[in-house]
Structures are given as structure tokens and as C-alpha cells.
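One chain follows as C-alpha cells, the form predicted on its own.
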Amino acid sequence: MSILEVVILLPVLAVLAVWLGAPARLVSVGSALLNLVILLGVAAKYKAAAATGGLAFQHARVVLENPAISFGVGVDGTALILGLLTALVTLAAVWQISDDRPPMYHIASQLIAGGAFGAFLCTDVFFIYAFHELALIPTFLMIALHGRADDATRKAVAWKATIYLGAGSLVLLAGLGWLVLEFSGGSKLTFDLIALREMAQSSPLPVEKQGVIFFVLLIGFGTLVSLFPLHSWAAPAYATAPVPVAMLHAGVLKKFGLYGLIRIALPLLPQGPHVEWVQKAMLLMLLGNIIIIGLVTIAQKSLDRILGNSSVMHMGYIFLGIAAGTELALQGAVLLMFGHGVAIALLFALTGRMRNQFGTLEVAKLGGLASHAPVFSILFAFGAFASIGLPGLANFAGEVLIFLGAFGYDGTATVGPLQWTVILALWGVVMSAVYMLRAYRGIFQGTAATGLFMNDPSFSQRVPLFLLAAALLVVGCCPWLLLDFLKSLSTTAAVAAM
């Protein structure tokens, strides 16, 4: 059995063990910790395993001959980084589940994690899609059954997310089916991503057809990522979802749409995003994420709504890197996916703790927490300042690479629509600083008008939070630790520039 198959299987085994009555917390934390150790080992051996080119740690089991479907696994740099992100956030998320919560919390978290691992590590389009859909089911159920709102509100939020993401998944399914039909030779269909890439390189589709199919995939994947104007499900869902579900969906599962565009759409349709009408549409939509949602975030009064809308806003930067398609911009996009995932998971974990102690997240009702919860305030600062893009934290390196790669850092690029988009997108950094610093000042400085008091978390409760904060700091100071895995993106970028 391949080591990557073990990574996907472990959360499933943990679900079965908890369902059969095993200690939920012990099994869940143990499974997540073991997967993190395994993937760190995979990362240590990745360069040697991928030295001959292509994917590393490949393994496939044939499921059907025609259509050709196999349970195949393998990693490139992007998949490895997102696998590490999934393992890290899963460990922190299940660690946050208190002992008074029912086992369903652990079961749902492990199912979401298992679906994310399968979506990122599989090399067959059928299973990539299927694993993502598997992860969505517990997300909807946990919001509807255990959401942090009254019964009517959480059900309405769950239904809205279900309709949006279900519709996006159907559009995505149509786009993926179209790709398979276009690139499968003769009467035999294949879902193998490696075979599809080889066919795309030997017999590329006409440019205009690439543009149409890419746009269909953009709508499908974009809905899953909350691309403007298909975003309105996201902020209410994150504000309502239980803490571990919000951490896993916003921090990990939301990256699936971006991952799909980078690993499936760009290699098979390298000229698709550069068709004029497709790129203009994409630039307008991502500016909606950055500018419009940035203004919406500034207007929010509750911390959970600020974080939910902030998460939607930051997706615009990653879409900018994908729209540019240069090696530097794509590397920045993947790096920002990791940084954003860690930062938003940390912030949602801390916000959930605040809600549990105070019963409110209205910024106007809070204040002065730094004086009696200094460790908590420092941890929150790591997540907040990473979201702003403070140098030395992971998000900064990703954003800088995206802006340089999209604008044309060598000074030879003309100022066209892409460059003007970069100029406008830079204002998003200012807006991020406004709403996040204002929220931090209101919560942690001054004096609480309501006299609310908060204790720092115990040492054992701090461990996963310190782990997330350390990841932001280490990757921010040493981005080459992840960038070394992303050299394979140069192939995609070179093809896309043709």
C-alpha cells in the first residue's frame, strides 16, 4: 500500500473507530498527528522521489477499464503543500474539540479531512471530484445540526451553502466531463490526470475552445472558492459553523477550487485564462473579491463576520496569481493558499474560544483583553497580522510574489488590464489593515465597557495554536522551505505563456 493511500485511509479508519465506540478525542488527535508526521516524512523525501520528473510517490489501482478509472495517488509540489496544510489544520481543529462535545464533531472533522486528503493527493479526476463532494456532506450537516445560531438561522445558512456549492459542483462536473470527452482518444474515456495532460500537450485544443471550457471550470471551481459574485454563502457559513468545521472548510477545503484550477485547468487548458474575454471576466470578478468585499468587511461589527468576509476577500489575490499564470505568480498563489489557510484556522480557533467565554463577538462590547489574556492576544496578533500581510509572516511572501509576477517585475511589461488590476488590488492591502487593526484595537486594547474577563488557555490548549503560529512565522521567514517544492510550476507557466 502506498504511503499516500495510508494518509487518505487514516481519517476513514478514525471515523470507524469512533463510530464503534473508541475514545473519540484520542483516536482523532492520534490520527491527525500521525498524518502530519507521515507527510513531513514525505516532504523530506520529495526531492529525491521527484528527481526523475513528474509526480512523486505514484501508485494506482485499476477500478474500471472503460471508462478508465483508477484509484491513483501522487504528489507534485502543490499537492504536497496542501497536504501539509490539511494535516496541520486538522490536528489543530480536532484538538479544539472539547470533551463535552458529542463524537459527531470528531467524525465530521475526520470526514472533512479525509475528503481533503483524497482531493489533493489523488491523480484521477473522478476521485478528485468525489473526495471533495464527500467532504462537503459533513460540512452541511454540522452547520445545520450544531451551528452557532438559532435553529431557523443555522438551517437557512446550511441550505444556502448547500444550494450554492451544489450548483457549483454541478457546473464543475459538466466542465470536467467536457475535458474528459475532449482529450480521451477513440471510444475509450480516461479520467487519469497524467494521461489527460499528455494528450493536452500532444494535441492541444483550439484556443477559443480552451477559453470556453476554462470559463466553465472557473465558474464551477470559483463557486466553491467564493469567487465574486458567487460568494454570498461563505461568510454566513463560517460565522455559523462549529469551530472545527469553520477551521477545516475555510482553512483547507476552500482551497480545493484554487488547487483544481492550478493542477487541472491550467495544464490542460494553458491558453484558456489568456483568452481576452476570459481574462477580463476573471479580473473583474477577483477585483470584486478584493475591493467590494473589502469594503463590506470594513462595515462589519462582529468578529466572526469580519473573519468570514476577510477570507472571501483574500481569495481575490490568489485568483490574481492564477490569472497572471507566470511562474512567480503561481508560486505566490500556492504560498498564499498555505499562509491564508493557517492564519484563518488560527483566527477561527481563537474566535470560537472568545464566543464560548463571552457569548458575544460584537467588537463594541469587547476590549482590554490583552491585559488579562496576554498569550491569547499574541496568538491572535499572529493570525491578524498575517492576514494583513505583515513582513515575516507567511501571507506576505505569497502576496509579494503574486503582485510581482502579475505586474511584470522585470520592467518590460506594458501597463494593460492585468497591471491595472494589480494596482487596484494593492488597495486591498490597505483595507485589510483598516478592518483587522481596528478589530484588534477594539478587542484587546482599552477597557471593556461590559466588564468581560478572559483567561489565557491552558498549556495543553495552547499547543495546536502555537503550532499554527509557528508555521506562519517559519514560512514567513523562510519561504524557500515551500518554494523549493514548487519548481514544477515552471512547466505550467511556460506552457501558459505560449
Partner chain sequence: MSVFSIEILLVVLGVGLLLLEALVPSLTRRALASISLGGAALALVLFFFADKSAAALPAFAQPFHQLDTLAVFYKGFALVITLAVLWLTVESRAYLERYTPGGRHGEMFSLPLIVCAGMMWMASAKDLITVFVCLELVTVSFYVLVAFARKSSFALEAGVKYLILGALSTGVLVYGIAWTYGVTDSMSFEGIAEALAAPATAKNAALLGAAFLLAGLGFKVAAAPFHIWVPDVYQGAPNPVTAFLSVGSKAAGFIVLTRVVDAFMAKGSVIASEVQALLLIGGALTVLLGSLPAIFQTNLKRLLAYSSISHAGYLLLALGCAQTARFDLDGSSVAAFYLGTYLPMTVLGFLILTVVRQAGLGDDAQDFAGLAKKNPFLAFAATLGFASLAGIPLTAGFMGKLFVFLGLVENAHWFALSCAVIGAAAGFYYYLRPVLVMFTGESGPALKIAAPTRAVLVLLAGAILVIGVFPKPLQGVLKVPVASATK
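Note that this is a predicted model, so its numbers are computed, not measured. Residue numbers count along the first chain shown, from 1.
From this point on, the text means the form predicted in complex with its partner chain, which you will not see here.
- Although the partner is absent here, residue 177 is a contact residue: one of its heavy atoms lies within 4.5 angstroms of its partner chain in the predicted bound form.
- By the criterion of a heavy atom within 4.5 Å, residue 209 is excluded from the residues contacting its partner chain in the predicted bound form.
- Taking non-hydrogen atoms only, residue 40 never approaches its partner chain to within 4.5 angstroms in the predicted bound form.
- Mapping the unseen interface onto this chain, residue 407 falls outside it, with no heavy atom inside 4.5 Å of its partner chain in the predicted bound form.
- Contact with its partner chain in the predicted bound form, judged by any heavy atom within 4.5 Å, is made by just one of 215, 233, 228, 131: 131.
- Screening 155, 372, 365, 101 for any heavy atom within 4.5 Å of its partner chain in the predicted bound form leaves a single hit, 155.
- You can rule out all but one of 259-267, 123-131, 296-304, 281-289: in the predicted bound form, only 123-131 has residues with a heavy atom within 4.5 Å of its partner chain.
- Taken together, the three residues 379, 440 and 484 lack any non-hydrogen atom within 4.5 angstroms of its partner chain in the predicted bound form.
- In sequence order, 170, 173, 177, 178, 181 are the residues of 168-183 having a heavy atom within 4.5 Å of its partner chain in the predicted bound form; the partner itself is omitted from this view.
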